[in-house]
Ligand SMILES: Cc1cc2nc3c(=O)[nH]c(=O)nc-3n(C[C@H](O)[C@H](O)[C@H](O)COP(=O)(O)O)c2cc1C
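Read the single chain below, which is given as structure tokens and is the form predicted alone.
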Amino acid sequence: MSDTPKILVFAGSARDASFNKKLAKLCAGLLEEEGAAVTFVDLKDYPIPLYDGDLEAGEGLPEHARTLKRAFAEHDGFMIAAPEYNGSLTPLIKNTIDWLTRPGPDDDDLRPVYRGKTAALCSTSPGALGGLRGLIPLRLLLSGIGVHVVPDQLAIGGAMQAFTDDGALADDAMAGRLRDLARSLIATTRALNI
């Protein structure tokens, strides 16, 4: 890795008007301002069937899973804006990670995809907790596959009022905490990959 960490940013929602997709785009801009090389990925552009071992055995990794796997492998870290569904992570995030941990025909070594990478987690929700409960299982999942998840995270409640018309956060304190989270991800990524 050069001194410029490569960070992949995505949201755990495919919905066009997703508040978390808006948050992910804001994160991408902050990371760039702080000196990272950033790629924003909309998971809606990469539909993958529900993981099924029989499907994998018969057809291998779906094309979109292979494309995403290459993108994940090419980056040093991830920033994820993760909605909460029924107190947990979204099926979209879980299914994506499940497929991307499967070996492809040319890569039995999964370490380049996740192991030793970094991640920062944030969420927003119309509710008061801001999606906080969904970050807990996501942190456990990522840690379990070898990702270093930075200790800080941010959950922003009241998502319907949280953003200005130009996509920034309306609350200056929350905006500062999100920038701090971006800085923490960059610093951790640099420290672990020097």
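For every residue, the number given is its place in the sequence shown, counted from 1. Keep in mind that this is a model prediction, so the values were computed, not measured.
From this point on, the text means the form predicted in complex with the ligand, which you will not see here.
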Answer for residue 133 alone: is it within 4.5 Å of the ligand in the predicted complex, judged on heavy atom distances? yes
Should residue 114 be counted as a contact of the ligand in the predicted complex, where contact means heavy atoms within 4.5 Å? no
Quick check on residue 126: any heavy atom within 4.5 Å of the ligand in the predicted complex? yes
Contact label in the predicted complex: residue 84 to the ligand, heavy atom within 4.5 Å: yes
In the predicted complex, which residues of 38 to 67 put a heavy atom within 4.5 Å of the ligand? none
